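A single chain, nothing else alongside it, follows as structure tokens in the form predicted on its own.
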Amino acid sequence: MLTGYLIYGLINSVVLVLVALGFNLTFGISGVANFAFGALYVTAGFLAWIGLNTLSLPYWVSAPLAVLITAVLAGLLYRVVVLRVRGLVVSEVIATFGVGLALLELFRFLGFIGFEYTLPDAGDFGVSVLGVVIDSQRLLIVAMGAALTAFLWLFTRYTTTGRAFRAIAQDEHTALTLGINTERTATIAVAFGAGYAAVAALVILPLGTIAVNEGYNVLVNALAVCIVGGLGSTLGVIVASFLIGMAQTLTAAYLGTHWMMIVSLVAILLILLVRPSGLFGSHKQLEERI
């Protein structure tokens, strides 16, 4: 039984990696904490469902289209809304959260409520690992988590845009002097992060239904992972995902599933009390205040 909990805890950890990578990327490059992230996640799911069921598009068309539209929406959000309040942290949070809230409630207003909003899964086969059967969709989640993490590492090191990402993350003013268009690169980074959220949605949502409230849950989980790991640190995201993911699974097993979200909230509280910059964060000035 414990083996099963550990294996599914690892899978849950990969789920957290998937939902947090895009949020962390956006903050690390643009410096903007995109609180519309959960709404963009849900939007991708609904867009894929609309393409598949309303427009009768094949899934291999509707899924990439949903990712593309979600990324474009995030880019527009940055250019139209965030740029007007860039540098005002509280205003950035309020603006992005307000847009995300409006987007989620728009889906609710349009009647996207119920259990019929589902996405197709990867099939009905499974693999036995140490006597624990893992279904095909969870295997896909693990594979996608590894692939997206590896792709992000390669992209930021071996492409011109990726190196521009790293330059801005290290010092935006120096990047400007080197001829890098920081506003355009930041827009691409926000869109890129939203694309990651969309891909995560398309591989995770087939495990259940597409629900408006899932947007809030995803945002809380992404925040918890990034705050615990350290905002802007990819290694921190991975380590924090495994710590929180295992804790959530064991909590659900021994106390009940309704306690899972409490784990994320408690993790945020504890890390802010002990190490505000996160496990791998570089914002030392935060720790000097306590």
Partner chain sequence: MLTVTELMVFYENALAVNELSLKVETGQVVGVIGSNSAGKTTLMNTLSGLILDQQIKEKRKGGERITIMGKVEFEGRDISLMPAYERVRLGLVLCRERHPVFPDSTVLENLLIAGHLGSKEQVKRATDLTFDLFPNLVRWRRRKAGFLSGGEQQMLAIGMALVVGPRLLLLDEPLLGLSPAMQQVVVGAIKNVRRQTGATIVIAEQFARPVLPMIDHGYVIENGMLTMTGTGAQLMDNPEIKSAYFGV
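Residue numbers count along the first chain shown, from 1. Here the structure is a predicted model, which means the values were calculated and not measured.
There is another form of this protein, the form predicted together with the partner chain, and it is not shown here; the text below is about that form.
Asker: Is it the case that T209, even though its partner is missing from this view, gets within 4.5 Å of the partner chain in the model of the complex, heavy atoms only?
Answerer: No, T209 is distant from the partner.
Asker: Is there any non-hydrogen atom of E116 lying within 4.5 Å of the partner chain in the model of the complex?
Answerer: No, E116 stays farther than 4.5 Å from the partner chain in the model of the complex.
Asker: Is there a heavy atom of N217 no more than 4.5 Å from a heavy atom of the partner chain in the model of the complex?
Answerer: Because no heavy atom of N217 falls inside 4.5 Å of the partner chain in the model of the complex, the answer is no.
Asker: Quick one: is E105 in contact with the partner chain in the model of the complex, heavy atoms, 4.5 Å cut-off?
Answerer: No, E105 sits far enough from the partner chain in the model of the complex that none of its heavy atoms falls within 4.5 Å.
Asker: Which single stretch, out of 69-77, 194-202, 157-165, 95-103, brings residue heavy atoms within 4.5 Å of the partner chain in the model of the complex?
Answerer: That would be stretch 157-165.
Asker: If the cut-off is 4.5 angstroms on heavy atoms, which of these, I134, L152, V142, I180, is the one near the partner chain in the model of the complex?
Answerer: Going through each option in turn, the one that passes is I180.
Asker: Within 168-194, which residues come within 4.5 Å of the partner chain in the model of the complex, counting heavy atoms only?
Answerer: Read in sequence order, the residues that approach the partner chain (within 4.5 Å, in the model of the complex) are Q170, D171, E172, H173, T174, A175, L176, T177, L178, G179, I180, N181, E183.
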